[in-house]
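What follows is one chain in structure tokens, specifically the form predicted alone.
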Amino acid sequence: MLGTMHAWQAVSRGHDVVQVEREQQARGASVRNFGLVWVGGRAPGEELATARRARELWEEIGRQVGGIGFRANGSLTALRTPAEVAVAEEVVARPDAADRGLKFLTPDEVRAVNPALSGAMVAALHCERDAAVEPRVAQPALRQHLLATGRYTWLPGREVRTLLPHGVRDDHGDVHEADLVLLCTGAALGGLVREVAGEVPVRRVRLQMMQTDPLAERLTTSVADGDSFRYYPAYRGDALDALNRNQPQPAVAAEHKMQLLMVQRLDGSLTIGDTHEYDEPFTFDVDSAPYEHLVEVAESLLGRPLPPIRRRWAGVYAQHTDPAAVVHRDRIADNAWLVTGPGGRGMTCSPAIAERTATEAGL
């Protein structure tokens, strides 16, 4: 998605673009995610500003490309304990709560916003700014729109091997001439990246997710649980410190560094996750215990059994090692930039990241 958004920015500014993709279709983190445009939990400062700008850009793009499935559905973080309520109340009282679109809701207000949440909760944190897109179809839809401009060429199944003074050479031996090269390599940090940029301050993170058959009811918002407070920087503070001290996660959730995120796809199915694994080498198989935990939490919030699980998968994304850095953006040659490592914010922030790259590169 990061590469496609850079292509979008360049074409929108009147340039001809050749997009080279190592796979026949995107198969990495760009499709193995929730499709969340997640504003509420971002860190104050640059990260929040980037997410807010990206939210604006997603909405603009959604008006032009209906196939991406953009919807301004907002999110609810379900609160089930007094300690979780305290975190939400502290966050809502902060000066930037309005910029994030955050509101505290009672149980009756929660069910007015999202009637499908009929399970046990004492309150919820509502973020009106959050949104969603369809990760499995967004890039093909964007490419079709770009192709229609006549200034975009899509070359899948090729890997760039050599950076040249005026373009690149791919693994087919073909040279693609260009005034500017943007390398958006995701979690692929060896090969050409190591050759031209050396070791970069980016680590890889592995996660597990799943997708159900369609739910009979419509989830009007995306949904998170209180464990998500532990993983998003916006919620840091005294109340979160107290939550971490006094309300430890269940053993499975703590071991796999889990939170619940749940998004309903346009076909009615639910994408549910996730876990976090930071230490390589990663395991090559998926563990059942995290899925069982996610099912239990999701069913407790919905107040009913989940539909059958249709798919399970693992994914790997690239994350800057500095938590304050939105992305690793580095000019690695007179004619080339490397852009990678947005972490779990990649789907949310990619339009704004690409816009800033385009500005800094003088497009």
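Note that the structure is predicted; figures quoted are calculated from it, not measured. In this text, residue numbers run from 1 along the sequence as written.
Note that the form predicted together with a small molecule isn't included here; everything after this is about it.
Taking non-hydrogen atoms only, residue 159 approaches the small molecule to within 4.5 angstroms in the model of the complex. The closest heavy atom approach of residue 347 to the small molecule in the model of the complex falls within 4.5 Å. Mapping the unseen interface onto this chain, residue 311 falls outside it, with no heavy atom inside 4.5 Å of the small molecule in the model of the complex.
For residue 186, a non-hydrogen atom is located within 4.5 Å of the small molecule in the model of the complex, even though that partner is not displayed. Using a 4.5 Å heavy atom cutoff, none of 85, 113 and 127 lies near the small molecule in the model of the complex. In short, of 201-209, 239-247, 142-150, 218-226 it is 201-209 that has heavy atoms within 4.5 Å of the small molecule in the model of the complex. Shown without its partner, this chain lists 32, 329, 320, 55 as candidates; in the model of the complex, only 32 has a non-hydrogen atom within 4.5 angstroms of the small molecule. Exactly one listed residue, out of 338, 301, 48, 36, brings a non-hydrogen atom to within 4.5 Å of the small molecule in the model of the complex: 36.
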